[in-house]
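Listed next as structure tokens: two forms of one protein chain, kept apart as structure 1 and structure 2.
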Structure 1
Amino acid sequence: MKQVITGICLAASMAMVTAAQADITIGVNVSSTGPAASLGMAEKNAISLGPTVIAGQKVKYVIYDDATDTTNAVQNVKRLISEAKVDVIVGPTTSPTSKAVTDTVAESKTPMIQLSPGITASSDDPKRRWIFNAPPADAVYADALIKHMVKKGIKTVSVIAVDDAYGENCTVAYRKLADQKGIKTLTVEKYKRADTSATAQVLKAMQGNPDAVYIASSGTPGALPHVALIERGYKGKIYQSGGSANAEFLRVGGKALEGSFMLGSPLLAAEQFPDKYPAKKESLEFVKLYEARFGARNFFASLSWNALKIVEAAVPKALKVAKPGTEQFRAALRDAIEGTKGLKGAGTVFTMTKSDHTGINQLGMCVLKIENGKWKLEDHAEF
């Protein structure tokens, strides 16, 4: 009997050790192929720079590509939840794919840090209380945009938006503030991400000779209407929403982009900010690390990097409640993420609340000017 009891105690002790050493599993779903590949590939690259151990627990990554397709995104997230048993999800890349997986994430009670700004997430909505945002909310982009337009004396604007959730959300956020400031919107034209021409939309946008054209798009598709505007002789100011703020966009747009404005992260022009600017040090650290491995710095890479920083800060708190791989751990992790306060990431500082699952204010946004194919700091928030 004694030997049996000893054996049982030994087995129990071994089980406890195994449980204590359970891996933390991070599921990743990004658009590393398809129309949003210039965003998703950079996000995937940054995952490879993430931690392999957090609070003494090994970290396992399971990575899927949804090819910028909403159906694929839903299937991938379901696999991450049911097969990989992930503790947290990073992604998806785009607003449409993020919107598509909302119900799946909510039903499974799995925290997700999305890499698109399209869904306003908070605890007030049961479906979205499990969702957090790595990029700034659309309202943060719009606020920086309108303030700059007012400074430049812009009175009339035409909008050219990609025909999906991202374009719609950007347009709605812009119009709300534009109306308040007396900026007249002449027209809103839409085009598809996969379109090869935006000439018709550009011609309509140019009617009335607007002071500025605002392009609400993401990735390299944002260059399509921009180039067409220049080819058609448009002389007014051109703004990009920020969804195209990467080196590939600069390459595709070429000289047509010169002198235009881009909403973006302080990360892209980190060296040009005052030394005391919040998170400048962290931005430069990320830039050095990323550029050493993958070349030009990338805002979208910083999103997945920041998402992992948020997870890394939250895990120790969740481990005090439960072990990885359990519903209790996922719930504790969600609560810990929601309690993020003053966390410095690449290009921003995160302070989450129950009503704000983005946690980024105007200090995480700036206006850039494209000069000689590079980002030049045009305007930033006071601090």
Structure 2
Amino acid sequence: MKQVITGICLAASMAMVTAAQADITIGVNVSSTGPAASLGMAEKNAISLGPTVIAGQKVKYVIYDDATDTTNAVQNVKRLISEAKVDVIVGPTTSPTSKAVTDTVAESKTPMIQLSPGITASSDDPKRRWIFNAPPADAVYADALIKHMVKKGIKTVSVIAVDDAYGENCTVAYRKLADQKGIKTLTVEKYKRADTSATAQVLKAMQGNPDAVYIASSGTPGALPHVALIERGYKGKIYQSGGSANAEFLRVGGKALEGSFMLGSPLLAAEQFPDKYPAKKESLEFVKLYEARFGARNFFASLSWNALKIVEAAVPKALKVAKPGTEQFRAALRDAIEGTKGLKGAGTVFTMTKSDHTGINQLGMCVLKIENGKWKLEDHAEF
């Protein structure tokens, strides 16, 4: 019995020793399967375009999939922290998974750039101190949406939201602003990603003839109610939330999408932006890289790409303080990320502050119109 115990202790100490190397390790946890797979897959693709060397240090990526499951997400993040000893985490994809790992990340004092909007983090909250967001906050979306609606003279809106965290968050952010601006919400209808029909929801939404219908969904599921609206002869305006901004959506939705509006990253119509748009060069660069490898450009891919950009910019500052793989390095990296200023990414410009860990303003947002199966720039913020 004694020998066994000694053996186990030995093995344990061996396991402890192996993890010490000086490379920068970036842990990635995305939902490349499960309900959020279409988002996670693109995010994972973009990671493979990330830098292999930052400031002379080799970069090692450790990538896990959480299958859009919170239990898995926590497990993966713990694994990244304690086994891979990562310096920074990119991910998770969805807001429930992000929420689930919040405690773990805070306790381990590891900076994390999450790819879901959900939680807006700041240094004031000890738990969310270590968390940064790569996508614009829901409020930024809602702001652009409402502005455009006001411009078009829309007074009444029905919302059709997919029944998941994304749909929920979009709806909440939208309603907050809409109430302020005097836009009346007639009804909020929900449907499931795998539903075979959204006719009933559409009929309900069309009651009272709203000026516009706002569809809040991510990925291809947004097409189902959209098509049903057209089939039922809805003549008003249709807005799609930013989550549907990918080529697959255009393919699945087909003709029905013509003339509808969509919130999205400037990335999607980067070529159409005037040259004075600050992040135009960076956006086009990413589009070129990504489209060469993976086909059509993707907003979600740009999130993880931007997250890596933020890390790339922050690492040199942190290296001055400590060596990668140490707690000091992680703390320094966190501070450096918080100090990000005017960093140009794909389709946005980041300026973080202590109270704002998102760092994206209206520069990272535009309204697009779908014409001939393509995105046409409809409206953008002043710059």
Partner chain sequence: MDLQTVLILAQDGLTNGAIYLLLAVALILVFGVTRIVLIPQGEFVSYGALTLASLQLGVMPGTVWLLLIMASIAAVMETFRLVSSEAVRQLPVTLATILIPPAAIALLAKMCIPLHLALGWQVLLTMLIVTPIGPLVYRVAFRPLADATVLVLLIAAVAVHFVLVGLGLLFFGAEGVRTPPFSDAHLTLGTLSVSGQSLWVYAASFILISLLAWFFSRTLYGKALRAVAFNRNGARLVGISPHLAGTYSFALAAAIGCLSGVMIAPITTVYYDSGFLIGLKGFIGAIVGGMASYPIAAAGALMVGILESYSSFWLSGYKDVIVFAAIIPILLWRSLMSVHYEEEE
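Quick caveat, the model's predicted, so the values are computed rather than measured. For clarity, a rigid core is taken as the largest C-alpha set superposing within 1.5 Å between two forms. Numbering runs along the sequence of structure 1, starting at 1.
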Form predicted alone - structure 1 or 2: 1
Do you see a C-alpha shift of 2 Å or more at Thr70 between structure 1 and structure 2, with the core held fixed? yes
